[in-house]
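First, one chain by itself in structure tokens, the form predicted alone.
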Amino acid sequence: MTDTGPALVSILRQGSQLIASIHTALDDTQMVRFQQDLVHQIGEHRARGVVIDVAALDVLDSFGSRTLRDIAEMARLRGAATVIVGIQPEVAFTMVTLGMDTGSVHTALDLEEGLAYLGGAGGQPSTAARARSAQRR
């Protein structure tokens, strides 16, 4: 996202999936740029699934939470499923306490579970992942 210093986010392609990792807390401008970059790359790579890894974040504010929901909706409109992985316990506690949520966006414990949800290279949630998701509801 910036030309100097360490990368704040990385977006990697694995088959028909994109794996976006947020490495540090982003300000609102950086979050919007991340959103634009990711949505652009969904079309560029014809991605069928997107994993957003937030494991490195110890804070997620309301703007960040809403932006992640917006990214998932934009991805859905472009034909890609989204799963958010790695929400830390403290972040989950704070989100619940403050009444923030990820809306209808699927979440998973870690990258492995997120990719399993998306069904590997096919980009569609696996049968087992859909069953687990249905059980949670």
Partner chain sequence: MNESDTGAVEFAALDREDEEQLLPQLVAHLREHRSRLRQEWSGRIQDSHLLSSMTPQEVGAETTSVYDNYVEVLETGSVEALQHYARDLSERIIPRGVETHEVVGIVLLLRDVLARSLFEKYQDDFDLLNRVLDAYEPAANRIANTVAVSFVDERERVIRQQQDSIRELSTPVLPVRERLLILPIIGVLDTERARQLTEQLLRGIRTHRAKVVVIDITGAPDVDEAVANHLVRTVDASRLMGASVIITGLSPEIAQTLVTIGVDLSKMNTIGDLQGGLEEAERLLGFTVTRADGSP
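Positions refer to the first chain, counted from 1. Just so it is clear, the model here is predicted, and its values are computed rather than measured.
The following text describes the form predicted together with its partner chain, which does not appear among the structures shown.
* Flag Gln88 as yes or no: does it have a non-hydrogen atom within 4.5 angstroms of any non-hydrogen atom of its partner chain in the predicted bound form? => Contact check for Gln88: yes, within 4.5 Å of its partner chain in the predicted bound form.
* Can any non-hydrogen atom of Thr29 be found within 4.5 angstroms of its partner chain in the predicted bound form? -> No.
* Asked: Does Asp110 reach its partner chain in the predicted bound form, with heavy atoms at most 4.5 Å apart?
  -> Answer yes; at least one heavy atom of Asp110 falls within 4.5 Å of its partner chain in the predicted bound form.
* Taking heavy atoms only, is Val96 within 4.5 angstroms of its partner chain in the predicted bound form? -> Val96 belongs to the contact set for its partner chain.
* If contact means any heavy atom within 4.5 Å, which of 70-78, 88-96, 30-38, 43-51 contacts its partner chain in the predicted bound form? -> So the stretch in question is 88-96.
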